[in-house]
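Here we start with a single chain on its own, the form predicted on its own, put down as structure tokens.
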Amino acid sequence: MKEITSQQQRVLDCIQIYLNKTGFPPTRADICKELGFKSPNSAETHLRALEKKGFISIEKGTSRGISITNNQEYPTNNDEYPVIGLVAAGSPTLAEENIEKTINCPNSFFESNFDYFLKVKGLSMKDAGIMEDDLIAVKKTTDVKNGDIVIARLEDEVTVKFFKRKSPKIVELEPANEEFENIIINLEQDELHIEGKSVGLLRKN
């Protein structure tokens, strides 16, 4: 692995901190805001250098398609976490039949503790940097706020979307892809179960 400059290290640290705090990668504009760059071109230059040196990968066609590929500096005290694939209709998310495998992950890898990984299906969240087959680190909780990326169950379907409470009775689940429509739930008529929220992301390269 090639060495990086101090500015490139700042950008790399910014990406990791943003991932830890929000569960998804920053945009070029976010990096500029955090590090005081005057132009997105400055962020882009450092990102391309980091990609060339093998520290990150950049997914084309999405503003948040940045993932870190080198995590050697992070702690190695690992825990086993289940990876949930396609959730069988009517079964609890963590039911044995839904667990594809378990993987080791440093238990302090993300800023928040978490309970399992969910394997992403489809591209409804691609503009949030979440691509098909990515692994979302899920913290089991019903304590969510507007803007959180939540894992929600609607009848027998589990979906990953941004959470927006429009009123005490109305919740919108918002994709991060203009090709998909918002899901509007009237809580007086429909059942919505929040299974947890995303606190981080892993991408297998």
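What we label the rigid core is the largest C-alpha set whose atoms superpose within 1.5 Å from one form to the other. This one's a predicted model, so the numbers in the text were calculated from it and none came from an experiment. Note that residue numbering begins at 1 and tracks the sequence as displayed.
The discussion below concerns the form predicted in complex with the DNA, not included here.
Although the partner is absent here, residue 142 lies well away from the DNA in the predicted complex, with no heavy atom inside 4.5 Å. Using a 4.5 angstroms limit between non-hydrogen atoms, residue 147 is distant from the DNA in the predicted complex.
In the predicted complex, the DNA sits within 4.5 Å of a heavy atom belonging to residue 48. Within this chain, residue 40 lines the site of the DNA in the predicted complex, having a heavy atom no more than 4.5 Å away.
Here the marked residues 122, 165 and 177 all miss the DNA in the predicted complex; none has a heavy atom within 4.5 angstroms. The partner is absent here, but in the predicted complex a heavy atom of 53, alone among 33, 153, 53, 169, sits within 4.5 Å of the DNA. Contact with the DNA in the predicted complex, judged as any non-hydrogen atom within 4.5 angstroms, is confined among 169 to 177, 153 to 161, 133 to 141, 22 to 30 to 22 to 30. Core-superposed comparison between the shown form and the other one: the CA of residue 186 stays below a 2 Å shift.
After superposition on the rigid core, displacement of the C-alpha of residue 164 between the shown form and the other one stays below 2 Å. After superposition on the rigid core, the Cα of residue 48 moves by 2 Å or more between the shown form and the other one. By 3 Å or more, the C-alpha separation between residue 115 and residue 56 shrinks in the predicted complex relative to the form shown here.
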